[in-house]
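The chain below stands alone and is given in structure tokens; this is the form predicted on its own.
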Amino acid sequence: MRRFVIVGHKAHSTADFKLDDLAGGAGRLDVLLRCVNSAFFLSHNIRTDAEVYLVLLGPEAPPRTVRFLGSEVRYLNPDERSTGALVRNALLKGGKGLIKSSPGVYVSDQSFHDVLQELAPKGQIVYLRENGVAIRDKELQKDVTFVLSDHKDLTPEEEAELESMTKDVVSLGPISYHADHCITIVNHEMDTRTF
């Protein structure tokens, strides 16, 4: 299983946004939606061995985490608007605890800390950062979680939290890529490895 945790620092944690304004009115939720699509979509299929956790820290009720499970997900289409509708629907149904909003989509009030605590026992956690070990030189487990941020870096507090869970800092190259492109590169790297 490969998992991706993406922190959305300004992405709205309530459903108070319009699907026509995912970049501005939803706090750059568009960045996270592209990450979902990069994690799951193949040419004519969906990856069933992938999961995505979107940690939403923007207004009005942070934190909220929307989780997509490739083995269960339905109604996921390769466009930001329909993926945004799945997130908005999840946020409309969200409250305390874990709630299934549609097949393969869950919402909870988990924080970044809570998500890391849940995933730590499940396998390797890898922090994607420009100044890490080159991914081609890093031994990766088949069951692995990759953590990255939206268009902003992790805060010092988030970085400290993550580094308390893992020493695996991996680089995709010396320059910054868009978060969704990072996921595509990671998927390619994982696809070419034999476990």
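Sequential numbering from 1, following the sequence displayed. Just so it is clear, the structure is predicted and the values come from calculations on it, not from any experiment.
Just so it is clear, the following notes concern the form predicted together with another copy of the chain, a form of the same protein that is not shown.
- Contact check at 4.5 Å (heavy atoms) against another copy of the chain in the predicted bound form: none of T48, K122 and E161 pass.
- Judged by heavy atoms within 4.5 Å of another copy of the chain in the predicted bound form, the contact stretch among the candidates 140-148, 29-37, 162-170, 62-70 is 29-37.
- Though the partner is left out of this view, H178 does reach within 4.5 Å of another copy of the chain in the predicted bound form, counting heavy atoms only.
- In the predicted bound form, none of the heavy atoms of K93 sits within 4.5 Å of a heavy atom of another copy of the chain.
- Shown alone here, A15 lies farther than 4.5 Å from another copy of the chain in the predicted bound form, counting heavy atoms only.
- By the criterion of a heavy atom within 4.5 Å, Y53 is excluded from the residues contacting another copy of the chain in the predicted bound form.
- Counting a residue when any of its non-hydrogen atoms is within 4.5 Å of another copy of the chain in the predicted bound form, the hits in 68-99 run P78, D79, E80, R81.
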